[in-house]
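First, one chain by itself in structure tokens, the form predicted alone.
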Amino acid sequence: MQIKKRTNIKFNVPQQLIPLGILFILVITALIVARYLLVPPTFGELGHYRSQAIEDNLAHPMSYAGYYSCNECHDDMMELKNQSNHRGVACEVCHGPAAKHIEDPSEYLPDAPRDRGFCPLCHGYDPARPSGFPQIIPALHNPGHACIFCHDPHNPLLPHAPEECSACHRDIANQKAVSHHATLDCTECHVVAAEHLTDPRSALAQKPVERALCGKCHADDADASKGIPRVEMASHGQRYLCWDCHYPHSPEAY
């Protein structure tokens, strides 16, 4: 009768798992210690934050009064402002916190910014701002004069109609100025009603909707100056509009 010998099977743990295991244990231990020693006692009572923060914030003195408080005494200005392009701007954005002024109007007067550096915070040229938002280059726009010399901040209408489209479309004008369309007037492509210059939101400039507009200059048989790129309109691009491939304000070919 043969007796089989029992063989001992040894498992070799990879050496790299030992430090990882130690690190894992240390991290878990640190999280447990932090949970009971470092996390504020009111954390989690009302949600995933420290509920005591509500009481702490309520203990701070009130600084801002709010829109309705201003309206109680300055209803004439509020009525004017609510009909202007500044109707969505809270009073305290420009005049600062007004809670003390509400408590004692004669003792605490709100700020009334009059220096040229304030309005450009919103109206200084920035290509990231949306097209059509009034923008200026402060160093070139009426230097030496305060903004309120020409504009009533509660109803900031322009003192006269803009002479150029760049007054509001500065980013597009800057791009167009270095393109092949630099010499084209905006009205060559856009139909602009007179009302658009004084109330742009009520009378929007019309954009072209047909390929024939570009064909006036770029078609093979167009009556245009030499040197302008020409295409056969019937086959070039076929059913696509020209501006599906070419950006009109900088019409480089893709």
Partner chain sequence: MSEKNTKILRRDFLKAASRLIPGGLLFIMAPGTQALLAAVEGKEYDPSEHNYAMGVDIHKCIGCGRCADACKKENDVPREPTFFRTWVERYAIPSEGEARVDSPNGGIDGFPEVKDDRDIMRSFFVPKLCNHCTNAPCVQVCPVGATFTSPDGVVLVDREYCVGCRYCIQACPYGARYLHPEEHVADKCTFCYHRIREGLLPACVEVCPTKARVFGEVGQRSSPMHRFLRLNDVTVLKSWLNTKPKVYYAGADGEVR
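The structure displayed is predicted, hence computed values, not measured ones. Whichever C-alpha set is largest while still superposing within 1.5 Å between the two forms counts as the rigid core. Residue numbers count along the first chain shown, from 1.
Just so it is clear, the following notes concern the form predicted in complex with the partner chain, a form of the same protein that is not shown.
Mapping the unseen interface onto this chain, Asp76 falls outside it, with no heavy atom inside 4.5 Å of the partner chain in the predicted bound form.
Taking the partner from elsewhere, His48 is found to have a heavy atom lying within 4.5 Å of the partner chain in the predicted bound form. For the chain shown alone, Ala146 is not a contact residue for the partner chain in the predicted bound form, no non-hydrogen atom being within 4.5 angstroms.
In the predicted bound form, the partner chain stays beyond 4.5 Å of every heavy atom belonging to Asn82. A heavy atom within 4.5 Å of the partner chain in the predicted bound form is found for exactly one of Ala65, Ala203, Ala222, Leu213: Ala65.
Only one segment in the set 104-112, 118-126, 158-166, 180-188 has residues whose heavy atoms sit within 4.5 Å of the partner chain in the predicted bound form; it is 118-126. In the predicted bound form, the partner chain lies beyond 4.5 angstroms of every heavy atom of every residue of 192-219. Relative to the superposed core, Ala53 shifts its CA atom by 2 Å or more between the shown form and the other one. Core-superposed comparison between the shown form and the other one: the Cα of Thr29 travels 2 Å or more. Core-superposed comparison between the shown form and the other one: CA of Cys245 displaced by less than 2 Å.
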